[in-house]
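A single chain, nothing else alongside it, follows as structure tokens in the form predicted on its own.
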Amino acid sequence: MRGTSLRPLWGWGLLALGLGGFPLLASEFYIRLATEILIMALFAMSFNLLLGYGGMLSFGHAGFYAVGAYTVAILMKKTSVPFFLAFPAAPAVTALVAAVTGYFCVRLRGFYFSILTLAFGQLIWGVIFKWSALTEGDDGIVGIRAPTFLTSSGGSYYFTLVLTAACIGLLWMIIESPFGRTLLAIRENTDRTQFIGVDVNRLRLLAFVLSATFAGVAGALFAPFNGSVFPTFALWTKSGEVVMMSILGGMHTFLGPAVGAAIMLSLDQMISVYTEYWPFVLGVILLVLVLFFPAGITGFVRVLARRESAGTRLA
């Protein structure tokens, strides 16, 4: 029993050691790739608070990612606000936008909720694309100068790692809290949960705002890392990417979306080296993975672990 209880701690410890020592062994290219994976992992896990735990499929989540990125970009580039003031403004602005849009979205269910989130996501994209005086329109905002400690690949990596780990820790606390358990009950049976006196719309709205806020943090991390932001950050295709990451990694496991983000970005880099038709090859690989691993990669691994554990007990 003692060894079993310590096994997760060993796993987390090895993961922390590996992530912490990665820049000491890897080249700059792989450090930057790992940094982007961390950012997209946070983005995917923020989305999965809605999909995997709340049962709400949003097709407009990229809009909140873009709001976070553009908030940092506009404040730093247009008004010369320091990064340490611009960065915390991003999740605050994103939460405000999410509260307004979520007020209308959470009143709908299923397909209608998804379509309305898509509409609001495209509305955010339209504002970014057309408001050239503020957002530079289709040209995007380029030349975002990161603070000195973020100019090196190692500094950017560790800063992103610390903030991503902190946000993932907060997401874990949210999911394991009574609110998170109630959110699961809403996902499983909305009508019955409402019947016992739970204010379903209020909790769905809170989940919507929290999910969007963490997406805004991911966008705020990506803006100085990339050095530029563009309207495509809010496009529906970006929302489709994060949906695929969650499904691929396993939307009913906590770290599944992070695994999905790592797989997608890694495949993207590896395949694009060999062929210009990498989107087709990537699509075929993802199709096979989704068809043969319906519970996602982490879900499949968890099933195997349970079978092994059961076999060990029987032996």
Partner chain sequence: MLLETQGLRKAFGGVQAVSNVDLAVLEGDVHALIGPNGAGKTTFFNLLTGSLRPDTGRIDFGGREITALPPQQICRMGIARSFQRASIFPKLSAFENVRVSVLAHEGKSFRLYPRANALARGEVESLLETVGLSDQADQPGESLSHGDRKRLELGIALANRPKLLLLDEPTAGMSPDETRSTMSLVQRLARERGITVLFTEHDMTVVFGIAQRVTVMHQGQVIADGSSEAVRENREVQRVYLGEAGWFWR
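Residue numbers count along the first chain shown, from 1. All values reported here derive from a predicted model rather than from experimental measurement.
In what follows, reference is made to the form predicted together with the partner chain, a form of this protein that is not presented.
- With a 4.5 Å cutoff on heavy atoms, Arg192 counts as touching the partner chain in the predicted complex.
- Though the partner is left out of this view, Ala185 does reach within 4.5 Å of the partner chain in the predicted complex, counting heavy atoms only.
- Contact annotation for Ile196: at least one heavy atom lies within 4.5 Å of the partner chain in the predicted complex.
- Contact annotation for Cys167: none of its heavy atoms lies within 4.5 Å of the partner chain in the predicted complex.
- Not one of Arg107, Ala119 and Gln122 places a heavy atom within 4.5 Å of the partner chain in the predicted complex.
- Between the options Ala89, Val127, Leu203, Val97, the residue in contact with the partner chain in the predicted complex by a heavy atom within 4.5 angstroms is Leu203.
- Proximity to the partner chain in the predicted complex, defined as a heavy atom within 4.5 Å, holds among Met173, Leu134, Ile115, Leu85 only for Met173.
- Of the candidate stretches 241-249, 177-185, 221-229, 138-146, only 177-185 has residues whose heavy atoms lie within 4.5 Å of the partner chain in the predicted complex.
- Using a 4.5 Å cut-off on any heavy atom, none of the residues of 93-127 reaches the partner chain in the predicted complex.
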